[in-house]
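Only one chain is included here, represented as structure tokens and corresponding to the form predicted on its own.
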Amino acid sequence: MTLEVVLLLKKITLQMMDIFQKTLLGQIPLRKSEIVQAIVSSGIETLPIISVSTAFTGLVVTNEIAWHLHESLQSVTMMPGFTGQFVVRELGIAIPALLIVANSGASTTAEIGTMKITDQIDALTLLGIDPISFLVFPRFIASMISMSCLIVISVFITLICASAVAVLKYHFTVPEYFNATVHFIHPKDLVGALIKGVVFGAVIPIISCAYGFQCKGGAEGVGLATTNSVVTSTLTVICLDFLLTYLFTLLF
């Protein structure tokens, strides 16, 4: 990440905080139609791939945890609890976030990068329209909403698939499985998952838009900006996941 992009990220973040504050105070209209459109793009259109990915994740994780428990303890009775905690604390959050980066984040960078090299952003500025308020803010709000909802859906689908494996292969009953899971999952885990979702949802569009605004050099520049955006967003999500997890262990 170049110094130029870092400075732009700082500028966009500060301006976004100012816009968010003014919106809460009623000084700037919320522009609900653009937010809804962004929610459809970043959330609903990403839902199928997230559903498929998390479903298979539930199947794989359950089998892996059961195998390790059987090898080490000769028992799989604690499998529901371990699976539930792993899903709610990590897998149900990280997988949707990374898929949002690959899908919505890349699309946002490519779109804004194309607008940049075709001088559409300069045209917005000449018309007196703030590009950050017009292009970034709706995606910022929509991404936080979409990410939170997708995490809830992802956790639900993963646990359903995990329970199916436990019932069909390891002979748990459905009440037995979910009762064991509930004992390991606490409200603080759900709160932590939603906080992570909001943070990831806030960071991804800012990084994606920043790389789009810095795009130059025609079609090749759009491709390069999109690649750099995905790489930076992915690393940021992984680092933030570690930091937030460590923070939650200290607080909770």
Partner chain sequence: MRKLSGKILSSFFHEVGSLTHFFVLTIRTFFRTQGNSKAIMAHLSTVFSRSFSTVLFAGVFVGAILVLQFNLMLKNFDAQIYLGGLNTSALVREIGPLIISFLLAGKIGAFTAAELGTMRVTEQIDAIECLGMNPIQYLVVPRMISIIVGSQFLLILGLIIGILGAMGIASLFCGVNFLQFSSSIPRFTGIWTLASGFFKSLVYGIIVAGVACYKGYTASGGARGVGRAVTQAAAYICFYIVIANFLTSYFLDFIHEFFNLLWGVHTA
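Note that this is a predicted model, so its numbers are computed, not measured. Positions refer to the first chain, counted from 1.
Not on display, but discussed next: the form predicted together with its partner chain.
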Legend entry - Proximity to its partner chain in the predicted complex (heavy atom, within 4.5 Å), stretch among 109-117, 125-133, 140-148, 174-182: 109-117
Inset, instruction - Classify residue 230 as contacting or not contacting its partner chain in the predicted complex by the rule of any non-hydrogen atom within 4.5 angstroms, answering yes or no. - result: yes
Inset, instruction - Answer yes if any heavy atom of residue 41 is within 4.5 Å of a heavy atom of its partner chain in the predicted complex; otherwise answer no. - result: no
Legend entry - residue 23 within 4.5 Å of its partner chain in the predicted complex, heavy atoms: no
Inset, instruction - Find out whether any non-hydrogen atom of residue 103 is located within 4.5 angstroms of its partner chain in the predicted complex, and reply yes or no. - result: yes
Inset, instruction - May I ask whether 53, 95 and 241 all come within 4.5 angstroms of its partner chain in the predicted complex, judged by heavy atoms? - result: yes
Legend entry - Heavy atom within 4.5 Å of its partner chain in the predicted complex - residue from 167, 160, 152, 78: 78
Legend entry - Residues in 58-90 with any heavy atom within 4.5 Å of its partner chain in the predicted complex: 59, 60, 63, 64, 67, 68, 71, 72, 73, 74, 78, 82, 85, 86, 89, 90
